[in-house]
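Take a look at this single chain, the form predicted alone, given in structure tokens.
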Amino acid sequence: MKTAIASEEVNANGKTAATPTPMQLNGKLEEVRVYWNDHIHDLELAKNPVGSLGFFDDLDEYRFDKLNYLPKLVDFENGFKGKKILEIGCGVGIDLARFAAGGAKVTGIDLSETAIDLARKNFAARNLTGNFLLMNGEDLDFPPDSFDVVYVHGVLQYTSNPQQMAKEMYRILKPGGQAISMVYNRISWLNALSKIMKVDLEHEDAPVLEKYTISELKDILKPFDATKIVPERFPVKSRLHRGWKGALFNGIFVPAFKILPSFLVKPLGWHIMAFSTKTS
């Protein structure tokens, strides 16, 4: 049974087409929905009131400082003009707003009513147009061959059945289209450091949080005809951690890591980016 609820289309005046109603989900996905309704990613870094333009600017600035690699791999500004893009697990729409500002025709889905509401406010504050729906990414309510690009950055590791989500990504992607994914790398510098320093990772208390190897990610994405893997996300100074652990990380670990030979550290990136294509 499909689990799409009402569409939320936001135009440049901030007007919406409909108000979503709660989804009916079973098992682990309901726990996931409840968790992400109560947790806004990177909320602790925002200085402005939740829902304000300043709030969304705070989250955008922090995200793309921390993930400085992302615009180098994904050309939000110039690479997707006129393309139909679906983001699964859009959150508050930080990345999707960049696609929209670059001229893409964007749709964002999420399990979380909180996320959809804030994504709508983000687009209204920026005078951007986007379509937002409450929907289960493992059971997409779109016909086959609907989108040019499916963007799933940091979502497969938080869903109950990533293999099923990958099948749905492939199904709704047009021939010649591309899926852009990211998961956390189990064999990475950050996963090892968190265990050594006994520091929890962000959202380690989520109902589902899996870390994958490169080969495991390739296996998840096996419905696609070809996949290019790019390990990324190497140490940058942290704004989250304080005290001696924060000082040790920022003052010693980050500078030391940067002088290591790239061929040694490249496979150890915390993020595994995947660029997958559907040829027919």
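So that there is no doubt, residue numbering starts at 1 and follows the sequence shown. Bear in mind that the values here come from a model prediction, so they are computed numbers and not experimental data.
Keep in mind that the form predicted in complex with a small molecule is missing from the display, and what follows is about it.
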Q. Does the 4.5 Å heavy atom contact test between residue 89 and the small molecule in the model of the complex come out positive?
A. yes
Q.
Please determine whether residue 179 contacts the small molecule in the model of the complex, using a 4.5 Å cut-off between heavy atoms.
A. no
Q. Can you check whether residue 168 is within 4.5 Å of the small molecule in the model of the complex, heavy atom basis?
A. no
Q. Given that the partner is absent here, does residue 107 sit within 4.5 Å of the small molecule in the model of the complex, heavy atoms only?
A. no
Q. Do all of 98, 147 and 172 end up near the small molecule in the model of the complex, with near meaning a heavy atom within 4.5 Å?
A. no
Q) Using a 4.5 Å cut on heavy atoms, which of 190, 118, 155, 124 is close to the small molecule in the model of the complex? A) 155
Q) Of the options 36, 212, 62, 56, which one has a non-hydrogen atom that comes within 4.5 Å of the small molecule in the model of the complex? A) 36
(Q) To test your reading of this chain, name the stretch in 192 to 200, 128 to 136, 72 to 80, 99 to 107 whose heavy atoms come within 4.5 Å of the small molecule in the model of the complex. (A) 128 to 136
